[in-house]
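Given next, in structure tokens, is a single chain: the form predicted alone.
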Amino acid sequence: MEDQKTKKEILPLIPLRGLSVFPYMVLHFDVGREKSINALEEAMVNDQLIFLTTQKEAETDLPTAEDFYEVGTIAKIKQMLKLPGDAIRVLVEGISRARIIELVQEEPFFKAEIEEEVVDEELEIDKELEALMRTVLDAFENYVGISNRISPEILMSVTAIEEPGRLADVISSHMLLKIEQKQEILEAFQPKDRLEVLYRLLLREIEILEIEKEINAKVKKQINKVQKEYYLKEQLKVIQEELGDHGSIDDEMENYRDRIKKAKLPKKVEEKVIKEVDRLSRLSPGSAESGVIRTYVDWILDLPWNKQTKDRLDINNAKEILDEDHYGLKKVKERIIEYLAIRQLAKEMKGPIICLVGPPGVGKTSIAKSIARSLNRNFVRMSLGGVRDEAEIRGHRRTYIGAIPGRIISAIKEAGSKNPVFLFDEIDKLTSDFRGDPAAALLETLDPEQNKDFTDHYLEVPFDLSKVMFITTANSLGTIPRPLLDRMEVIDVSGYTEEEKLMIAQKYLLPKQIKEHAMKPENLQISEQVIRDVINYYTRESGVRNLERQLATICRKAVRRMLEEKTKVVRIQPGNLKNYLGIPRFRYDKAQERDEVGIATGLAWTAVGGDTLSIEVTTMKGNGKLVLTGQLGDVMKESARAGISYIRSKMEELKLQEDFYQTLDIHIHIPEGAIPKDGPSAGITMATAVISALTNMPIHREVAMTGEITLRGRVLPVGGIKEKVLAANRAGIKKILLPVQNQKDVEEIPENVRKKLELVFVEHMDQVLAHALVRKEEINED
């Protein structure tokens, strides 16, 4: 090992900024600070020795004892050169390491007592130290080969050094190290320790340089690729110009890429589109496939992937808009208000899927538009009437010539937002054939759990439909497939009563027609009774479509009369209504004028509302035949047979002849035979009429009834109670017999109608007969 000695002396001190000086190192630096210049002058007066140490922070202008390191290098000043601006350039040579013992002076320059480590380098080097020197030299050689910053001559001069301490110092002086790393080497007084620190730093620098080299290689390769692409594109431009194709494919591709960035597409969709654009850039602009890809990319980028309108969640405002556009439709309006109320609390919510079921003309389609207006959403409509091709829903695959997306995606593009109100009109009119089943294709669209990933065959990427509010309309639920119906929330939109039609005509229809026919409200005076007569005798419907047509006819004829007679006011009274609409087209059955045997009044539901049904029964001598006439359907025929079986089981109680079913033919007839009739509603009515004919007991003329009959005489519930009761009221009926289980349906009947009628709820035929048949005692009283 090398022998160590210490020597103490007092020398002027200069703190260096961002610079470390090693022993055996010759370098020059500039001095500008006044303290440092004073220290130089002091050194030149003595034996030209100065102590150089490094500042911990290079930015410090006026360092103190805490701002520089204790260990530094004693150096000898070789040369001084004054520069413009009072600065001095100094050339120094490092001699040996030293440590500050005490700072003896700070003004006008730093002066410190230092302890110098004097090492005898000529002592014998052991094997371990020699191995360490060789290892450091190999590492330095590797460092020089990778860095390309050190000339080979330096490597040769370093190899010739035999002293271990000097070897470490010379190598350290040529390496690009941080101040902290250089200081760590400088503070290693023992040559062996110094070599170990240096070796560790060399390995770290080599590793960093290799990473840098790898990065540079990659960057260079990328630059070469970009340069190659640029060169090829420039060649392509020249070729296109020579061929007369002046359109720049590069500009088009750049435009597509800009649109892709702005569209903020889902990750999978973006990857798909970028792939298609890259394919397009490699194709000839005139090729057929490039046109297909352009159309596809345009479709993807035109869809509202992230565009949606902000819902107007003001419940009171929504109520006003819905009431402004439509009269009645209480259930539909309540459902929309409930949706808005929940949306105020739950910001993220799936759009509801509502099915409005009701007869034609009741406003199913127009209420969907009002819903969109009340929610501040865009509105799109797709009619499903007669749609039989699945591709109309899901689109065609791109392998087919002329392929396009389905009508759902097309409508979403038209809407321009991902959360419109989407109306599927006439969903019960879907059909299917060899081209597929559109109803099955709609399952994914109308399933709240699936439609967030709706995939069109053309797009081949999922589109989120969960924010769309789907509204479907149908006249009947019977033709809607069960799986499709199960995914929708059904709201019944029943027909309007006479009072409701009157209000709709006065508030909406008549003002609208007067405006469309360029008249003012004061030009046409129509009494309330005239509108009632139009409703009752010129239209027969559940909705108000034909009523609006009749009012339009009145307005047209009124305008003609105003011009011909040069009058400003046209008054229409019940007496002159025929002059405008002709003779009445419809009539309503009225209650019988007297109690009749074998004639019972039933109640029926039709697509245009309720109606009364007069059922006549007569018995004739015969052999027990049951004759049914009047266009009766299978259900009605079965109800008649069930009624006869019930009567036969009650022969003794009804005091009938035991063999009546063998000696008498029973003929049941329902007038207006051209109109098909079917349903269970007339079961108890037919049974009552048959019993009346067999017992010769009259039926109360002011009693009407509806309900199904069983073999045991139980009365089962039926539908359409509201419409049937309104029809009975119109016909002058005073008492109505209804099944007990239909008691809940009475709430839908207007209050003013309920007050006029006596509603009796029955659960057995005995109760029906007690209310319907006129007993002998009652006849005698009369």
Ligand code: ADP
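All figures in this text were calculated on a predicted structure; none of them were measured in a lab. Numbers follow the displayed sequence, beginning with 1.
Beyond what is shown, the protein has a form predicted together with the named molecule; the following relates to that form.
Engineer: With the partner left out of view, is Q573 within 4.5 angstroms of the named molecule in the predicted complex by any non-hydrogen atom?
Structural biologist: Although the named molecule is absent here, Q573 would stay clear of it in the predicted complex, with no heavy atoms inside 4.5 Å.
Engineer: Would you check, heavy atoms only and a 4.5 Å threshold, whether P352 touches the named molecule in the predicted complex?
Structural biologist: No, no contact at 4.5 Å.
Engineer: Is N376 close enough to touch the named molecule in the predicted complex, meaning at least one heavy atom pair within 4.5 Å?
Structural biologist: No, N376 stays farther than 4.5 Å from the named molecule in the predicted complex.
Engineer: Is it the case that Y661, even though its partner is missing from this view, gets within 4.5 Å of the named molecule in the predicted complex, heavy atoms only?
Structural biologist: Contact check for Y661: no, nothing within 4.5 Å of the named molecule in the predicted complex.
Engineer: Considering non-hydrogen atoms and a 4.5 Å limit, which listed residue (G630, G679, P304, G361) is close to the named molecule in the predicted complex?
Structural biologist: The option sitting close enough to the partner is G361.
Engineer: Pick from Q183, T365, S173, N536: which has a non-hydrogen atom within 4.5 Å of the named molecule in the predicted complex?
Structural biologist: Among Q183, T365, S173, N536, a heavy atom within 4.5 Å of the named molecule in the predicted complex occurs only for T365.
Engineer: Within 4.5 angstroms, counting heavy atoms, which one of the listed stretches 141-149, 92-100, 393-401, 322-330 is next to the named molecule in the predicted complex?
Structural biologist: Single hit among the candidates: 322-330.
Engineer: Scan 530-569 and note down the residues that get a heavy atom within 4.5 Å of the named molecule in the predicted complex; none is a fine answer too.
Structural biologist: V544, R545, E548 sit within 4.5 Å of the partner.
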